[in-house]
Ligand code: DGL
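Okay, here we've got a single chain as C-alpha cells, the form predicted alone, with questions on binding and movement later.
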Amino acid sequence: MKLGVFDSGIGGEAIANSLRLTFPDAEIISVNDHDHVPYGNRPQTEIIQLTDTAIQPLLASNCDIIILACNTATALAIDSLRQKYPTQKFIGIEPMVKTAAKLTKSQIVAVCATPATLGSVRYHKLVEKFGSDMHIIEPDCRSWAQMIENNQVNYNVISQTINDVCDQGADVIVLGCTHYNWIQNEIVELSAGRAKVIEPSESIGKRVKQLLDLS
C-alpha cells in the first residue's frame, strides 16, 4: 500500500507520522509546498493551482490514496482535483464540526482555522448541517500557521486566544489546520478542565481502511 500525504507546510508531517503508526507496512510519501506556505490567506484559484502542482509527485508515484492534509486545500481544491483526476482516490481534512456537535455540552464550540477555510463553501455547509444548534466561535488564527512553519510560535498569542474562547464558554476546541497539531499539547494544557481539543488524525486512518476495504 502506498499513501501520499500533502500539506502546504510541516503540518502534514504530523498526519504522515500518525499514518506510519497505523499502517507500519505501508509506504508513506509526504510532500509539502513550503515555498508558498501559508495557503490560508490566498484566493481559491491560486490554492487550486498550487495544490495541483504540489501533488504531481504523488500522482506520478501511483499512490493508492492521496491525503490532502490541509484544511484549506481540502475546502477549496479537492472538488476540482477529483474532477481532474477521477481515477485517483483522495481523502481531505475538514474541521470536525460534526464531532464537536456530539461532544459539546455548552453548545459553544471554537473552530481554530485559516481565513480561507472559514470562508469556504464546504465549511459553511458543514456548519449548516451539523452546527445549526451551536454557537461557533471563530477566533483570528491567521498568523498561527506561519509562526509554526517558521518555528517562531508566540505562546502569549496562543494563550490569549485559547483563554478567550474558554472564557466565552467553549467546551470543545476544533483544530482546523494541521499546522496546529504541532502545538496541540500546549493547547490541551491551556484548556485543561475547560474544553476538549479535537483534531482528525485518527479519523484519517479509519477512512483509509474504508476506501481500501481493509477493515
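All values derive from a computational prediction rather than experimental measurement. Numbering starts at 1 and follows the sequence shown.
Missing here is the form predicted together with the ligand; even so, the following discussion is about that form.
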> Okay, which stretch from 69-77, 120-128, 83-91, 103-111 lines the ligand in the model of the complex, with non-hydrogen atoms inside 4.5 Å?
Replying inline: 69-77
>> Under a 4.5 angstroms heavy atom criterion, identify the one residue in 165, 37, 148, 187 near the ligand in the model of the complex.
In response: 37
> Taking the shortest heavy atom distance, is residue 51 within 4.5 Å of the ligand in the model of the complex?
Replying inline: no
> Is residue 177 close to the ligand in the model of the complex, meaning a heavy atom pair under 4.5 Å apart or at it?
Replying inline: yes
